[in-house]
Structure formats: C-alpha cells, structure tokens
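For reference, the chain that follows is the form predicted alone, supplied as structure tokens.
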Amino acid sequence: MAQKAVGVGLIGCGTVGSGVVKLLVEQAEWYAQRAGRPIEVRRVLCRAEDVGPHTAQVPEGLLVHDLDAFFDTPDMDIILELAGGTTFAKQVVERALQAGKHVVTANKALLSAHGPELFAVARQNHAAIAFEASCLGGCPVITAMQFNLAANRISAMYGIFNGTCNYILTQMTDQGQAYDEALADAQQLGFAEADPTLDVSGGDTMHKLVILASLAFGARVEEKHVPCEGIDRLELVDIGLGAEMGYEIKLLAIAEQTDAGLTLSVGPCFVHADEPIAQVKSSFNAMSLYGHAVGHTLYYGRGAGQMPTASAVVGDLINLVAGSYGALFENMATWPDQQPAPKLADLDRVTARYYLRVNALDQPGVLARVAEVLGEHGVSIAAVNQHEQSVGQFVSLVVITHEAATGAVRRAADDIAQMDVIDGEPICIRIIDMPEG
C-alpha cells in the first residue's frame, strides 16, 4: 500500500526558496525513496513586496500572498521558513510550531536572537526545528556535531563561517588587492550584498557562532557573549607582512573550553599557512572541531549559494519525513533552551600570541622603548621585524609576542600609541596556535 504523501509549506521564494522548489519537483521520486514517503509542496507564501523572478519556479496554483490563506491550507505537515529576517520570520515560525508543525529554517539571525524561546515552543507542541542550512550552508556541521559526534566532549572550535569575508581576504592575500577593490569584486560576482555590512563587520559570523557554540558546549550562548570584530579595517600591509612570516589572515569564529570557562570571539586572526583551515580559499567555509575522543575533525564546503543551501534544507526535510530527526529532537536534552548560560572566561586573562605593528620613528632607541612598555605589562617579545621601506620619517616595526594575556597586550598597545615616537594606533592581531589533534 502506497504511503500517504507529506505536505510541505514554503515561506519565502527567493534564491534559496526557488532552489528548494526546484529540488523537490525534479527529484521527487528519488526523495520519496530516501524518505519512505512522497513529499509534496502544498503551498508557497511570498509576500507581495517580495515577488520577483524566482517565483516563476513555483508550480501553478501554489503561490499565495496572504499569511492566513497559507496557514489555512490543509495537510501541511512541515513548514520551510526561508524568508529571512527576525520579525516576520519569528511570527510565522511560532505560528507553525504552535500548530504542531515541524519547521526547517536557514535563518541564522532568527536562531541567534530567539533560538532558545523557539526551541521551547517547539518542545511544548511536540514539534521539531531543523536548521542545518542556518550555519554553513551545504556543509553539514550541525548534523555531524549534534549527532555523529555525540560521544565527544568538544574542547575547541575554529571556523571560517562567512564566504564573503573569506573571498575578500583571499583576494587581498593572493592577488594583492586592496580591501575596497576586493569587496567590489565580491559584489560583482554575487558573493557580497550591495550593503555588505553584516558580513564584513563579523555579524553574520557571530550569529553562526552563537548557534554552533550552544550545541557544541551545552550552553545557552547569546549574542552579548561574543566580542566581534570585522575585516573592514584590515590593511594590505599587515596581510603582506603576515604572509612573509608564514601566516594567512582569516576571519575566525573561535570557541575554546578552558579551565577558566568558555572563550568566544569573532575577529581577524593569523593562522600558520600549513594549517588546513588556513588553506581554505575563496568563498568556501570550514570548521575545525576538536573532540576528546575523535581528536581533530575538519568540515569544508560551500557555505552559501542557492543549491548548497537548498541541499541542506531538503536534507533536513527528508530526515524529518523519515522520522529520525523528530525523534532525536524530542529525546535529546542538548538543545539551547534546555541548557544554562555558559561560564565565560575573563577575556582579559586569556593568553595568546599576538602580531603587533607600529609606525615608529626611524631612529636609535625606539625599539628599546617599545620593548620596555611591553615588558612593563608582562608581554615578552618572540621576534621583531623592521622593514626598510618608510613613510616619511616612520617605518613599520612588527613585534611577535610570546603567549601573553590579551588584556595586557591591549593595554600595552594603548600605552605605545601615546609615545611621541609612534604615529597612529598600533595594529594588534591574534595569532592562532591550533591544538594538537
């Protein structure tokens, strides 16, 4: 006897939504075999102001513009939320969950801001939220971390979570492009939005770190817990000097479990060029994850784009239809709404190595004065590099520190900036020494 089809409602039919419709229509027979039941799109909601070329992908008779008409559609078991944003999306996700419908979403901003309360609503109504597509697009890190690595305590996570930033940094490193030129190229190729602020400020990366760190460390991580710095102030000179010393620059999302607590941050970092994550180029994403039993695992793939993201959405949908994801969601007590706030380490006391560049007067005794200030703050020097090329009376002086407390390095940099032999603010970039795995 043929299994009854599972009805799906889709909210939002932009780039990703149209990709999902394309997959569900073209691969219907294949997905029915994988899920054990046919999957049918019953209705697509596209607000009138969002109608565009992508809605042409929607089969005739399925498109509506009214929210009540959408939810009045009979036999919709699962809702796919691909509208984006946090206001309208929160409204429709809550309505779906309160009606006992499972939800699949690619909305990292929504889950970063409201994840715990939405997970709680889902649990109260015996529904599930699946969100693989929210973080690294087609790269299945959530499934791997939450289910496949369930035997592990995670000790550290280092991620390249934004393809726009990684493309810009690759162009600056490999092609010598200035930031503005690399950004313009990214926009022309469709890797960056017309307004790239959320990407280049580190905000998009921060949203994803909030979601992933909550799952990895069993804590209710919030946006306020993550210090965030973007790439929009990086200078080509620092990328070049770092490369000369064997480092690649990457915008990294970092979460580390230490004896003092959990450390969380987003910002540009130098990584040794031999490390696998340093070799992730262009618009690709990656995550290095360290488990106490498995050791080091690396996940790599397309972090965005129509079909990679649609792949993750439909993958979640198939697992919900097959019955595996819903049962796991209900039975596992590892979701953010079930966890306490994290114990956070004092970032001022977190130790790391740093790259410190100052524009110093080209005269005897300046290095000694810089070293004296660093020493006063307990920061010791591992290496010094001075380029002969100068700008007026000033030369670039680069100091690589030994491991030092972050707060001490920042305070030393502030004091160095006040010296009469220094021009401008020192540039301070963390150097990441990856754990042995």
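Note that residue numbering follows the sequence shown and begins at 1. Just so we're clear, the structure is a prediction, and the values are computed from it rather than from any experiment.
Beyond the structure shown, there is the form predicted together with a further copy of the same chain, which is absent from this document and is the topic of what follows.
Since the chain is shown here on its own, which stretch among 183 to 191, 159 to 167, 316 to 324, 97 to 105 would lie within 4.5 Å of a further copy of the same chain in the model of the complex, judged by heavy atoms? After filtering at 4.5 Å, what remains is 316 to 324.
Is there any non-hydrogen atom of residue 90 lying within 4.5 Å of a further copy of the same chain in the model of the complex? Taking the distances in the model of the complex, the answer for residue 90 is no, it never comes within 4.5 Å of a further copy of the same chain.
Within a 4.5 Å heavy atom cut-off, is residue 33 in contact with a further copy of the same chain in the model of the complex? Yes, residue 33 is a contact residue.
is_contact(residue 292, a further copy of the same chain) in the model of the complex, heavy atom dist at most 4.5 Å: It does: once a further copy of the same chain is placed as it appears in the model of the complex, residue 292 has a heavy atom within 4.5 Å of it.
Do residue 132 and a further copy of the same chain share at least one heavy atom pair within 4.5 Å in the model of the complex? It does: once a further copy of the same chain is placed as it appears in the model of the complex, residue 132 has a heavy atom within 4.5 Å of it.
Listed residue (236, 332, 367, 245) with a non-hydrogen atom within 4.5 angstroms of a further copy of the same chain in the model of the complex: So the residue touching a further copy of the same chain in the model of the complex, by this definition, is 332.
Heavy atom within 4.5 Å of a further copy of the same chain in the model of the complex - residue from 140, 116, 268, 342: Of the candidates 140, 116, 268, 342, 140 is the one lying within 4.5 Å of a further copy of the same chain in the model of the complex.
Sequence order please: the residues of 276 to 292 with a heavy atom within 4.5 Å of a further copy of the same chain in the model of the complex. Contacting residues: 276, 279, 284, 292.
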